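Here you get one chain, nothing else, as structure tokens; it is the form predicted alone.
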């Protein structure tokens, strides 16, 4: 899917990721200006095959993949990062398990005591 996308779509996706990372003031960042300059510099030309354009497209797709992967990594890191000591029930819940319950207790509480 990523290899079939147009350069304009890739540029928009990169700018969307920058906006997600930097917030509403992303248009004043150096990364924003650099991305727009690179896309303007590598517009489609009248040549039959433009190697620089293909390299720029590959670099832009790679950068987009890096931005998306970094955002996903940070989200997963914040979700699963260690927050100190956790209870066994909470740890089991993180991986989708439940601890077994013992409805009558463990059984040894009511054992007759020998005097």
Partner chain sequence: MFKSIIRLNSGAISFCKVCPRHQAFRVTLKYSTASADRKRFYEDVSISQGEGGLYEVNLDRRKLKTPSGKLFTVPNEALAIAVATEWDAQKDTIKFYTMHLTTLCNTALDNPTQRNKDQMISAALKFLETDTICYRVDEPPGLVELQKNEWDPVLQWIENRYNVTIGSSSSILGPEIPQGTKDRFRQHLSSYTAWSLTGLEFVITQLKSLVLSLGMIDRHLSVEQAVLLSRLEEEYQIRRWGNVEWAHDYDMYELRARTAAGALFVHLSSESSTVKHKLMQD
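Positions refer to the first chain, counted from 1. Throughout, rigid core stands for the largest set of C-alpha atoms superposing within 1.5 Å between the two forms. Quantities reported herein were computed from a predicted structural model and do not represent experimental measurements.
Not on display, but discussed next: the form predicted in complex with its partner chain.
Proximity of residue 20 to its partner chain in the predicted bound form falls within the 4.5 Å heavy atom cutoff. Contact between residue 86 and its partner chain in the predicted bound form is not found at the 4.5 Å heavy atom cutoff. Heavy atoms of residue 36 never reach within 4.5 Å of its partner chain in the predicted bound form, leaving it off the interface.
Remark: residue 81 counts among the residues lining its partner chain in the predicted bound form, judged by a heavy atom distance of 4.5 Å or less. Residues 72, 73, 74, 76, 77, 78, 80, 81 are the ones in 72 to 92 with at least one heavy atom within 4.5 Å of its partner chain in the predicted bound form, listed in sequence order. A displacement of less than 2 angstroms separates the C-alpha positions of residue 73 between this form and the one not shown, with the rigid core held in common.
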